[in-house]
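Form predicted alone, single chain, as structure tokens, below.
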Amino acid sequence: MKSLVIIEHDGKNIKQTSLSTITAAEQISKDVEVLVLGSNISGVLENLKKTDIISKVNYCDEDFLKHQIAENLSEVIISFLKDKEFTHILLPSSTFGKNLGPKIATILDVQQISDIIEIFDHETFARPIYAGNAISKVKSKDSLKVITVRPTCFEPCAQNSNVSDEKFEVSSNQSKSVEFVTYDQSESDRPELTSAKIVISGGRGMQNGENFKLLEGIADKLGAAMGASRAAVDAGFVPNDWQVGQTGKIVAPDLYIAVGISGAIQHIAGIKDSKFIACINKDEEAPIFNFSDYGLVGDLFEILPKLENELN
């Protein structure tokens, strides 16, 4: 058996999601290769060549791959797979993997196995269903399996080895099926939400977007990322990329602080792997208290300024 991990990166650095996916791949087979697609990716390659577990780094460095458009990436991946003997293709269950994985599986005409959280053997996996209320054990007999991995359930692999690399040349008739137009990305000095050690999130109880400034001072002092519940995002308090939960981002920080969040099961599904959960809510009957390690009943508008002062 041989596994291939499709690497998620930002052009310079490997995403933590990919390091966790490599760990998952090693539990399936001891022969693990990776594939990196992009433009000017020498920095990514150098980091990968120091990664434990993997036996080879395959890469394709072309200008048209700079913007990581899934339609173009999938065409190159399918070309790469010709005459190769991989039994498993793994991607992180991030926006990147959720976009790219189904396209690869469709072209290969196989059933994708999504968001796995545990590996029993090379054919059998566990994945959450019903917003995490149940765990489904699935078995696939496909000769080639396309799998997305929930990164929060696997530790990132170590980086202290040295492996070989091999460039994959795209054929001259390789065409771009989709053209890049523009990318509107929000900038922040705070840690990335899905890889932060501490996350502080606000919900509908924040009442408006202006009040999220009460969380910013605390986040800055803790070195935390900022998130939000779907209710806060739908109300227009904060941008969509702050959303944490089943339909947002899955996080597993050392500490998750929920402020003014009631604790809908969809939100809990996105935070349940956190090491510690603390919450602030004025409603002592709020479901969030049932899932929290520490809870404080009170008015967040009185508590947050005091908490920030204590952090000085």
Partner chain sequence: MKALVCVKRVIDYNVKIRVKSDKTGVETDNVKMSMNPFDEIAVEEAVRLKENGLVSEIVILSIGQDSSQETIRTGLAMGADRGILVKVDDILLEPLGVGKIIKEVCEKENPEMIIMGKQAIDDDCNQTGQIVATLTNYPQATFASELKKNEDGTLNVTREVDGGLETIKVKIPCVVTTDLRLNEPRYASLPNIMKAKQKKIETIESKDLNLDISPRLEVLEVNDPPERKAGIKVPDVSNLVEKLKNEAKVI
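Residue numbers count along the first chain shown, from 1. Source: prediction; values computed, not measured.
What follows is about the form predicted in complex with the partner chain, which we do not show.
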Q) Does Asp165 reach the partner chain in the predicted complex if we count a contact as any heavy atom within 4.5 Å? A) no
Q. Is Cys157 close enough to touch the partner chain in the predicted complex, meaning at least one heavy atom pair within 4.5 Å?
A. no
Q.
I'd like to know if Val57 sits close to the partner chain in the predicted complex, meaning any non-hydrogen atom pair within 4.5 angstroms.
A. no
Q) So in the predicted complex, does Gly295 come within 4.5 Å of the partner chain, heavy atom to heavy atom? A) yes
Q.
Counting any non-hydrogen atom inside 4.5 Å, which residue from Thr124, Ser79, Thr87, Gln207 sits next to the partner chain in the predicted complex?
A. Thr124
**Q.** Residues in 201-238 close to the partner chain in the predicted complex, defined by a heavy atom within 4.5 Å, in order
**A.** Leu222, Arg230, Val233, Asp234
